[in-house]
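Listed next as structure tokens is one chain, alone, in the form predicted on its own.
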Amino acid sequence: MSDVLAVAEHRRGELRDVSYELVTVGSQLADATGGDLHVAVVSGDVDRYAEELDVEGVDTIHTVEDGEEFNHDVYAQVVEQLYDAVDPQVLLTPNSVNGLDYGPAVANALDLTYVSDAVDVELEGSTLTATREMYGGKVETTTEVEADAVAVSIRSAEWPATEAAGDAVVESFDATIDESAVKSTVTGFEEVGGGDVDITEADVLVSVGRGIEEEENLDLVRDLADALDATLSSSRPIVDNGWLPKNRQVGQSGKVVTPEFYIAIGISGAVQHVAGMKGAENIVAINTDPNAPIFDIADYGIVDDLFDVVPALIEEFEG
């Protein structure tokens, strides 16, 4: 019992970034235990997913051809059976809607200690230390678990994604599904808040906060997003005002994003918002307040009135 088992996640036919972040975490833990890293992918086009998951650090990829989409009852049964077959020291799952759906159920069924929403994980012997954030990210806590086996869900965007090519063995796993225990049926997928835009997939995000003052001023930011071929997102006050739908919200109560460029316009940088965008590769902040917390994490900062800066940027990029 020294291996690590990580369960990849996919949605609408595409692997999610957190799958590769799981590989990064799992590889580090497997190095600590001297064991192997096993990655499982369940349902959908598992052969294609296995090819994409063959990255550095992965020893074995288990493909399970049960179901086309996520189903709690199927995932719970499959992961339990995979766990029994692999017998890992650590079970890793995403701290996502799906991961939080089946992860605790599997841990309970297998009598595993369960740690959720970890932003850092270390393992020494049989002691696993997990770091978690509390009170909107204002406080970090560490939890030590003394156990031969433990289940951990990890927060996305806290680790780099492993992308280098690997040389993993791919094995098909034949799970035995008890159909009488499958009580739920997947009838479709609907993004919370409606709309067909997934801001988590955007390379460039132009995000707006309460500094925009009035709903009609959003058109100015939309024009900048169009000029940059970017996607429009926002902080929570904009959504609370009903100016943009929920699926555009970045932050702890919204979505975690990891774009190449994140342009924060009129956003102060509250910890709840920063929790959702701090994984961006490059952060540009525009704010009149030089002491705004957003400047603490920004790579580039513009201390000026957004109503002067944004039109100048539009002219520059459209020119």
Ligand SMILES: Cc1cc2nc3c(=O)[nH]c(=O)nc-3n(C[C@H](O)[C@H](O)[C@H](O)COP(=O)(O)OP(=O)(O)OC[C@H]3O[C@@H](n4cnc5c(N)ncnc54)[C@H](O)[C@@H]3O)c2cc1C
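Worth saying up front: this structure is predicted, and the values here are computed from it rather than measured. Residues carry their position along the shown sequence, with the first being 1. By rigid core we mean the largest C-alpha set that fits within 1.5 Å across both forms.
What comes next is about the form predicted together with this ligand, which does not appear here.
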Ligand-site obstruction classification: this ligand, superposed in the model of the complex, backbone or C-beta within 2.4 Å:
open
Is the gap between Thr258 and this ligand in the model of the complex 4.5 Å or less for some heavy atom pair?
no
Does Phe307 reach this ligand in the model of the complex if we count a contact as any heavy atom within 4.5 Å?
yes
Can Ile286 be called a contact residue for this ligand in the model of the complex at 4.5 Å between heavy atoms?
yes
Is it the case that His38, even though its partner is missing from this view, gets within 4.5 Å of this ligand in the model of the complex, heavy atoms only?
no
Partner-contacting position among Ala32, Ala50, Ala270, Val55 - heavy atom within 4.5 Å of this ligand in the model of the complex:
Ala270
In the model of the complex, which of the stretches 60 to 68, 23 to 31, 39 to 47, 272 to 280 has residues with heavy atoms within 4.5 Å of this ligand?
272 to 280
Interface residues of 222 to 243 toward this ligand, as seen in the model of the complex [heavy atoms, 4.5 Å]:
Ser235, Arg236, Pro237
Is Glu56 among the residues whose Cα moves by 2 Å or more between the shown form and the other one after superposition of the rigid core?
no
Core-superposed comparison between the shown form and the other one, Pro311 Cα displacement 2 Å or beyond:
yes
Under a superposition restricted to the rigid core, does Gly166 display a Cα displacement of 2 angstroms or more between the shown form and the other one?
no
Might you say whether the CA atoms of Glu21 and Ser207 end up closer or farther apart in the model of the complex than in this form? Their distance differs by 3 Å or more.
farther
Would one find the Cα atoms of Val271 and Glu158 closer or farther in the model of the complex than in this form, where their distance changes by 3 Å or more?
closer
